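One chain comes next, on its own, written as structure tokens: the form predicted alone.
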């Protein structure tokens, strides 16, 4: 056989998820399945007050109980730590006072979990209760100080950014409108609760097996908390049962397990109950928002002013980034002449809020898309047509200096309009039925790391054995999104081998290159690009070895499936044989690659929040029916289009879209991390906190659109978070289309619909 030109790498069939068989047969081991010999069980004693000083703690009865191995109190247990370098404000166990109901106060290790719980009941703690602080901003009035290090009152962070003259843009506009909205906070509710096992090895190394999305950041933060060098800590992630951002930082139970293990000399496992998870939280911030826009005669968006006030709970977590994110991505979808953002985050005596799927962008997108719909209605325009007139074009720069590469947003609009029959059916569905539209965008990884440094954001390593097997190592965490499968696909395609040759090792700080973790939809783009670099270097070694063996220039080496061959000659060799030639020439075959995004264009304070190597785009049309007698809302069908660039694994792309859509449906219809006046969660369990079941999920029609992005590996962008964001405003807009009411908060419960309908009937006021 004679080859005339190099052939492309062999196509890789779309696989089942490489971890799928273990999961569906029950063989996958999660963090709570980890079992070490002589293991002890840890338990955290939590505060029964939302706000109180700790007067005294009596541990004697607990320590003297048979089977109790260690009892630890807060003072002096750790150095302060936190995920953001500027806010190191947490301790594993409360010191001096407690600032939210459920805050960990003591840690107990015992032979059995039952004994640990019994010891917790034997502890005697005296408190001096303080008034809970459950409101933000001026609503706090004379509220006590939650945190001694807080700013004015309980203000955590204030942000002011302006690009262009917004006041002039609004003043000179032909049409202006202002809307306000409250987005209720909610929890990630991953199926797997947090769990960790900690064990100190005889050589002094601390091993942590934890259900975390960010093993590198846990290693780094834990080193700070315990005063250890980072190399002395190894963090491993077993199979992980979902995260959605809720496992993206170091948590008190992880530090407590390490402290208890050191104290009793045994491995210690701590698994949180579902109630513990609600109080650990780090979920979606409740946000009060206000937007004002001004349009000219041609319906161009001259100016936008956006304000947000976040209820952050008791600690900082990702709060500074969350505050910036509520203002950063509005301009990625629409061309805006001038843009102003004012944001505030406040401390309250509630569990700390943090990042949840769509971090910081879901709440403002809900208001912005509802607002745009109302603008279109006021102007007598079709809501989709108004958006078409002001879309941010591909390969452009936004008003706040974000670089847009490919954008399939126009195609997303076309797709949902076509699938839903929008033009033919809107306004013709009958009494109580309506269609609502919304669109959105999201990141494909953050442009800067959490702690600023010049190092790669992701690293990957490829090794080829004498058996021809391909070993991929990367620090990413597969949180259920199929990240390991994507890396296997990329390795197989780039090396031109069968997928069955590839094995992936991930999420182990002791054996894999650093990756910053699974958050901000960064894994496919960043780890994927790092892997492609390693693959290119490996292929170069193999070509050199083949060229040396056949004594021809390297450019004459071609591929035919897995085999290597010489152009114009009948000589060929199998993959494994060439790999052995290369090992003989170069030694063990190992190559590595790293990926660092281009620096952000903006140089203003806060410019590091919002830039991304690429943005995904989404659109949604919701079809709903509202019963005006009892206020019940039924979402009958959702039409969703998403631009992920090149879909590397179409099956997983569809799964991620469906998962995000259902999560958005829960947030708009039923989910609320709500609290009583004393600071207790109103329903910290699966009976009290509703999420969609199979009976609540309507038919979902999906279109995948767009084109390969030059910054993504083989053209891929994100799919994990973007499709959630347009679902919520699409449902809100559909309710207005169905019964003519304006809703101004989530979730959309029957009582809120009835109140709005009653106001409409009594005063002619649709709000």
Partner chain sequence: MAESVMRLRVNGREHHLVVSDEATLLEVLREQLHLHGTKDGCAVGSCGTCTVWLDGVPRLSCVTLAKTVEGRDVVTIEGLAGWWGRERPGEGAAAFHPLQTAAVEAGAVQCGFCTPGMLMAGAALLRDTPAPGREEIREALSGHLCRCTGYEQIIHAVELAAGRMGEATPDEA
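Just so it is clear, the model here is predicted, and its values are computed rather than measured. Positions refer to the first chain, counted from 1.
Below, we turn to the form predicted together with the partner chain, even though it does not appear here.
Proximity to the partner chain in the predicted bound form, taken as a non-hydrogen atom within 4.5 angstroms, holds for one residue of 303, 538, 240, 93, which is 240. Scanning 608, 469, 153, 692 against the partner chain in the predicted bound form with a 4.5 Å heavy atom cut-off leaves one residue, 692. In summary, the region of this chain contacting the partner chain in the predicted bound form, judged by heavy atoms within 4.5 Å and restricted to 317-325, 135-143, 432-440, 192-200, corresponds to 192-200. Put simply, residue 244 is close to the partner chain in the predicted bound form: some heavy atom of it is within 4.5 Å. In the predicted bound form, none of the heavy atoms of residue 407 sits within 4.5 Å of a heavy atom of the partner chain.
Contact annotation: residue 111 falls outside 4.5 Å of the partner chain in the predicted bound form, judged by heavy atom distances. Heavy atoms of residue 43 never reach within 4.5 Å of the partner chain in the predicted bound form, leaving it off the interface. Candidate site formed by 285, 370 and 744: none of these residues places a non-hydrogen atom within 4.5 angstroms of the partner chain in the predicted bound form. Taking the partner chain as positioned in the predicted bound form, none of the residues of 484-519 brings a heavy atom within 4.5 Å of it.
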